[in-house]
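Below you will find one chain, with nothing else, as structure tokens; this is the form predicted alone, and questions on how it binds or moves follow later.
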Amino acid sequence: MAKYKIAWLPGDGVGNDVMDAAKIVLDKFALDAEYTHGDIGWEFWKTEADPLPPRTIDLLNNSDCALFGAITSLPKEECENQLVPELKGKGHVYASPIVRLRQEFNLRTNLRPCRAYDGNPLNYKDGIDIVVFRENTEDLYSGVEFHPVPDEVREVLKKHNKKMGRFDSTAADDMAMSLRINTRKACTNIITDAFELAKKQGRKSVTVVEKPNVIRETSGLMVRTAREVAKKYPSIELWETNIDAMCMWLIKNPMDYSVLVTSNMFGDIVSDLCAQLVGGLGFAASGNIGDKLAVFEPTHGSAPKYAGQFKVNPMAMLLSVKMMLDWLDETDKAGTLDNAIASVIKEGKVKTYDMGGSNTSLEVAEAVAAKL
């Protein structure tokens, strides 16, 4: 019996391409693992009205972790139009399968390391090394939304918020609403994770990124919680900044920041900015980490126009593999892979189009595998 059971979830578009690249590296390692394909993505939405079928949930319940490629998502109306004829008009509503995975398995921590590798021509500045902790299950991504807005929801809001009165003349169908939900438990968990990594890696500061001057209750809860958690880590400074200012300061002084922690949507935004500082989404790996399961994925989209061309940069996927190896406590293999990736980037001989080269995704993976 294999030591690890790993769910293999290519998803859509270039997700298949970069997963093929990952396989080259994992085969070279000969990791003692059983890889089992899982159905997820757009094809299963179109044919089954479910982009995350129950059989895939069952697979993940019996896996140690998963590697995930990419997913396609479209607006509500376009999703309906893409269903096979017999499923249209049946009330099916598309929900992002990766968001569902995060909530179904309480993958509460989204970890996104952004490191500028030496020799990368796309680095904004050499030496950048930022880790973003994004709360992964709540906030505006909780999925509590209304359109049209029901009368009972409007009445409750009017009762507790006088400002709602200015919408009295707005028809229910002319209003959409999303609720931002943060809990103290989730805030405590993500902030503690951020401080624990800073402590483990000898980092000097953790910056909580929110907007409490305007979003007073939900962002306020995150900041107040950060202040309480920080008391347990006296050797690590807690910095506080607003999300808009943070975007400016990251462009101006990225070297000042080490660990960022924030809520779900702000984390989604600021982690893409950090990714661009170190070469773009082709270098942006992530881990969705829970207590019993973790799902590792590059943060780029499915890029349907490039599907099957093996054109996109696979480094984000390979760095996600490195994160998976760390999570499995295969730290020697993780370090070896990291060194191989760094070596290929620094040499600059094998690179995809985004780095000014002409090599395929598979050729880059082969170059990394050759260094192992």
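Fair warning: this is a prediction, and the values are worked out from it, not measured in the lab. One rule holds for the numbers: they count along the sequence shown, beginning at 1.
One more form of this protein, predicted in complex with a small molecule, exists but is not displayed; see below.
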Problem - Ile98 within 4.5 Å of the small molecule in the model of the complex, heavy atoms - result: yes
Practice task
Please check if Thr299 has a heavy atom lying within 4.5 Å of any heavy atom of the small molecule in the model of the complex.
Solution key: yes
Problem - the small molecule contact in the model of the complex: Glu196, any heavy atom under 4.5 Å - result: no
Problem - Non-hydrogen atom contact Asp129 with the small molecule in the model of the complex at 4.5 angstroms - result: no
Exercise for the section: Go through 248-256, 133-141, 217-225, 171-179 and give me the stretch that gets within 4.5 Å of the small molecule in the model of the complex, heavy atoms only. Expected result: 133-141
